[in-house]
Ligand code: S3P
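Quick heads-up: it's one chain on its own, the form predicted alone, in structure tokens.
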Amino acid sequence: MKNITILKNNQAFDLVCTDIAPDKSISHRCAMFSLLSDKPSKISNFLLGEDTLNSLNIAKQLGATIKREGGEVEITPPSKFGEPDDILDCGNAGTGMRLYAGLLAGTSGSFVLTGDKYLRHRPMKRVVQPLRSIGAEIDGREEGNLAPLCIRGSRLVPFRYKSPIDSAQIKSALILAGLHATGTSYYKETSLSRDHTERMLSGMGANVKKIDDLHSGKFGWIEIEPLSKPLDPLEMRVPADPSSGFFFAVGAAITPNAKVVIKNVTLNPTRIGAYKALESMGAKIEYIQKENLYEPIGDISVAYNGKLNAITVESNIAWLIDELPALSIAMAVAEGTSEIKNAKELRVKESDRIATVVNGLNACGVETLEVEDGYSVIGGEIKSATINSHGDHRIAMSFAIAGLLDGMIIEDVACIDTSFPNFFDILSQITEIKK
């Protein structure tokens, strides 16, 4: 188990982040969606994390030709998916497993999806069940709830599915399945989750659109037409990941006279909810848009603006679900009691993030109250502690940022390589680290 010690930071910093990790969600989708074209896709700034490289390797196992030089990737899709002669390893990525399940459900062949010991214990029935209802043949442990998942690609029927969970992974899996159905399908969620899949597939020529006609009876539904021809290839530069940059945003917001500028990040409204929350707590934040093709892209500037105020987070949870552990560090030093509600989804992430955040904050001397779908944080002072990441990269990085205030020992930090391999390289620019 690899551990690391973060030493207390004793001075302000002015950090310009030009090397924040490329967006993980978009990199996963680039690897998968390229398979839906019949021409080579060219992607630059692809995330070289373990999980996204696993998604790229799965594309290769399905028959794609991959040329890669650093983050420059060219993916030439096969004329027809091949049956892999080995299992498809998604590593630690729920995105990889759930989206590939949707993509392969309507593809001829036999496929087995697995992952590391943490992913093999994350619930998959939320995707498996709706896919089965439209004709997919999927099996796994606990009646298909746990990986490895065995998929026999089959003919899928059109569907009208209203998801009980607002999840970009479930939505994306069903959209990908709908592209291979025998007729027009419809998908609806209570509130909009991250919409990279809709944006990217539409940009490639897929007929995936949101219906806003109140008179049709389909308002708020996403309409998915089956593919009639291969999609256009992707040609894009993956923007920086706002959820990765958010760790340093929190660091600036809790450190007197500190500032950070996160360069070339996606400004997609469904991805910057955590920044909006931090802004409402009192941090000074600016958004500077530079372009908007597949995604709006620009810079985010975050500066210390005095003591933060407590906040209640209870709506649009899907927009900031991954950033809640880091936001909790800001809550721990804010004035008053902050609350996170309607976030039961945190319990089925890489770890039970409600439990791991609460236990970590308690170890740091911060008072909390845990409930089934969230927790309260009584603002105070973060003290040095030893934190077990439980193999969860976001827990490890969040408490590493907390270490700026009084030092911190983080156990099991190897998990950070799955999403942000150069995290400690950037952190070492503002504080001392002992490995």
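A quick note: this is a predicted structure, and the numbers were derived from the prediction, not measured. From 1 onward, residues are counted along the sequence shown.
This next part talks about the form predicted in complex with shikimate-3-phosphate, which is not shown.
Student: shikimate-3-phosphate isn't shown here, but in the model of the complex, which of 71-79, 113-121, 204-212, 319-327 has heavy atoms within 4.5 Å of it?
Tutor: In short, 319-327.
Student: So in the model of the complex, does any heavy atom of S338 sit within 4.5 Å of shikimate-3-phosphate?
Tutor: Result no; S338 lies far from shikimate-3-phosphate in the model of the complex.
Student: Would K276 show up as a contact with shikimate-3-phosphate in the model of the complex if we use heavy atoms at 4.5 Å?
Tutor: Answer no; every heavy atom of K276 is more than 4.5 Å from shikimate-3-phosphate in the model of the complex.
Student: With the partner left out of view, is T418 within 4.5 angstroms of shikimate-3-phosphate in the model of the complex by any non-hydrogen atom?
Tutor: So T418 does not count as contacting shikimate-3-phosphate.
Student: At the 4.5 Å heavy atom threshold, is Q169 in contact with shikimate-3-phosphate in the model of the complex?
Tutor: Q169 belongs to the contact set for shikimate-3-phosphate.
Student: Just give me the single entry in R126, R132, R237, R152 that has a non-hydrogen atom within 4.5 angstroms of shikimate-3-phosphate in the model of the complex.
Tutor: The option sitting close enough to the partner is R126.
Student: Could you spot which one of N268, T95, S185, T356 gets a heavy atom to within 4.5 Å of shikimate-3-phosphate in the model of the complex?
Tutor: Flagged contact: T95.
Student: Can you name the residues of 293-320 that have a heavy atom within 4.5 Å of shikimate-3-phosphate in the model of the complex?
Tutor: If the 4.5 Å heavy-atom criterion is applied to shikimate-3-phosphate in the model of the complex, 293-320 yields nothing.
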